[in-house]
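Listed next as structure tokens is one chain, alone, in the form predicted alone.
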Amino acid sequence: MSEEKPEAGVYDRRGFLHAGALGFAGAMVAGNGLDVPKGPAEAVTRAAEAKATDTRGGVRAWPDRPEGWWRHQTPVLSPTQAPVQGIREIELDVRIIRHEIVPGYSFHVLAFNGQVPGPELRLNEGEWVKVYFTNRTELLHTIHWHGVDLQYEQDGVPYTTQHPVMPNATFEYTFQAIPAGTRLYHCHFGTPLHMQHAMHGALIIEPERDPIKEEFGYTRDYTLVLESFATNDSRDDLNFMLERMKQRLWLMKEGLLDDETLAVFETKQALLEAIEAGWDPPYLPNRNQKRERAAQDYNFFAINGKAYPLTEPIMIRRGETIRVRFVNGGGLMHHMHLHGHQFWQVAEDGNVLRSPLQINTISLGPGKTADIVIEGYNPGYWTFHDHDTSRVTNNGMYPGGMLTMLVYEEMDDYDGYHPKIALDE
């Protein structure tokens, strides 16, 4: 009996694997035989490369979508085009505070509005916002609006889009909140230290229409900012930065601050001329003393500013669906694993995935964001943690760090085992 063939355009699993394995050969089939190229190997290679780069008449990568489907980004407007009325105004500052990450242990950080992480900013898609950023430290700072499409002078990159904000000065950022999604903001001056000394926060731009809500019907919305800290060095790092800044402010006051002292040049040619004239760049061994280290000695890891056992649980009810937004505000990769559940990843970098992924562990590099949806189908107390267990520690002691729980509210009435607080296993 002959095997029944699938309809055109439809693959079963076996057919899909077969097509993938024979795709190259199948593409060269002509009639009943193979179209085998002939001639010197070098000429055949050049002909194949030319054919590969000529897409005229070729197979489109996404044949199920209309041509030009990707050309629909919202045009970016200048602050001069902002409306006179209806601009949302937000005040942010940065100051140095002592932050308690676990009971009995605190350290100095650079904090937006005196909190770690910075306040969660929720904007509506398309609305205009004006952020008054005041520097209440003796250091230099900016704010970068990570993942936001805005006019370049509002992007917060020192010496590329603006001068850094001086001590006791205020800078106004004006932009339209696009595109929608889970994004973040952080300092972009001395980024290896400033961002990881807690100068980061979640930025949520709410869409006019939420396809994730329409599809999954979630009822609660959580934001988890993932953080890594090198607390053993934080005091020395901050003191070193402050001392450098005091020297520069004194030179500025005396009119002695120049490009070479500041290590900031108008052009690449000016830099090369200074080096040729005998100036030593700060990265040379004879000048590179204590600097903002690229590799930090991370020893505390946190979710929303707190390490286990101070992390807050994620609450859910049986039959309920919730949304969890991850924001990696630190400098390490994290792999968040949920016990007892499969969840759906629905967005990455704030952008809705066209095909949600069902997984139980999600990986986020520095600066990445991801949204997941969890269905409450398995009541209990469920561990939710970084599966790189070196980040589930407090100063090297396990358990700690990036560890929380998914807790079903029904468990309050459960007669069985209830979790304890463990600090040394």
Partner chain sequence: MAAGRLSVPRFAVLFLLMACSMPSPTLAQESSARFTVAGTGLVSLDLNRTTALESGVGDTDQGVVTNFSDSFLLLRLDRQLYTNHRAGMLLGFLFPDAETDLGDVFYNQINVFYDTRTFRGTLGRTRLENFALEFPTLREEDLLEYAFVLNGFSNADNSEFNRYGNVARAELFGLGGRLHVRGQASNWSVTDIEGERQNDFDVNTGSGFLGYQLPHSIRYSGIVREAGVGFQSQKVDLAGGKWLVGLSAGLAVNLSRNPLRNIELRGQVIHNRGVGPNARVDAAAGTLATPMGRALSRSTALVASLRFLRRPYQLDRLQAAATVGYKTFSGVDASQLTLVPNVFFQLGQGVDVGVQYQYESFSGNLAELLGRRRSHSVKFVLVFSFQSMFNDYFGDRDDILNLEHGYIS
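Positions refer to the first chain, counted from 1. Given the structure is predicted, the values throughout are model-derived calculations rather than measurements.
The same protein has a further form, the form predicted together with the partner chain, not shown here; the description that follows concerns it.
This chain lacks the partner; the member of 220, 122, 88, 98 within 4.5 angstroms of the partner chain in the predicted complex by a non-hydrogen atom is 98. Residue in contact with the partner chain in the predicted complex (any heavy atom within 4.5 Å), chosen from 269, 239, 168, 113: 239. Of the heavy atoms in residue 341, none are within 4.5 Å of the partner chain in the predicted complex.
Interface membership of residue 132, defined by any non-hydrogen atom within 4.5 Å of the partner chain in the predicted complex, is ruled out. When the partner chain is considered in the predicted complex, residue 235 lines it closely, a heavy atom lying within 4.5 Å. Not displayed here, the partner chain is kept clear of residue 273 by more than 4.5 Å at the level of heavy atoms in the predicted complex. Stretch-level contact analysis of 310-318, 79-87, 144-152, 252-260 against the partner chain in the predicted complex, using heavy atoms and a 4.5 Å limit, identifies 252-260.
When contacts are defined as a non-hydrogen atom within 4.5 Å, all of 107, 243 and 246 contact the partner chain in the predicted complex. For the stretch 120-145, the set of residues having any non-hydrogen atom within 4.5 angstroms of the partner chain in the predicted complex comprises only 138.
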